[in-house]
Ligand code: MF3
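Single chain ahead, written as structure tokens, the form predicted alone.
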């Protein structure tokens, strides 16, 4: 069931979303060669809790950490470990934070030191694909308009669109209706209405779109071992367009 949020709920979601934004901003200076993904996760969890946020991902279907941290060919759901980031890596940090029962969710891909031109290209155009989808958010449009915009942009730049994973509604739960695929046909799917809140999150690959899951049941990687990027915002449908509830607070990205 798709829920429409009232003003009180929206204000709580603004707070949750801003806390996600602040946590991303807090973490960014630590994303350097030599730090482990587990250390980044612990920094994130402490910041969330110190700012009255709840790390919603801990315990979700048994997931053990406050964030998903996915490096290079890991598409999503990378479990933080003792892996030390290396110069040239790209790393996606995906987090969901609860505030007074309402959720905010955003993912962003960061570079570690100097990355090659292929990874720069992948990051640039995955982020652009996100905003192409966001532009389609307004009352009266349909989910398929978002999906088609993401797919069209991604494929026009020769990037693979992962189809097994998608965006979603969000509210008191991390994942609510409707699903928001990154591929589809214009003019189909649920109609957007003022007060809906959705997460748009392109997961694109530099090679083929095929993926597989590791034995841990969480970590999803590209089949061909080529890198993947992932960008996500929580978006409110407003009277005449949209509001990004997880705005970027950094000046350089």
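Residue numbers count along the first chain shown, from 1. This one's a predicted model, so the numbers in the text were calculated from it and none came from an experiment.
What comes next is about the form predicted in complex with the ligand, which is not displayed.
Each of 57, 94 and 168 comes within 4.5 Å of the ligand in the model of the complex, counting any heavy atom. Not displayed here, the ligand is approached by residue 218 to within 4.5 Å at the level of heavy atoms in the model of the complex. Using a 4.5 angstroms limit between non-hydrogen atoms, residue 41 is distant from the ligand in the model of the complex.
In the model of the complex, the ligand sits within 4.5 Å of a heavy atom belonging to residue 63. The ligand in the model of the complex comes within 4.5 Å of a heavy atom belonging to residue 68. Judged by heavy atoms within 4.5 Å of the ligand in the model of the complex, the contact stretch among the candidates 81 to 89, 94 to 102, 140 to 148, 118 to 126 is 94 to 102. This chain appears without its partner; in the model of the complex, the one residue of 135, 175, 163, 157 with a heavy atom within 4.5 Å of the ligand is 175.
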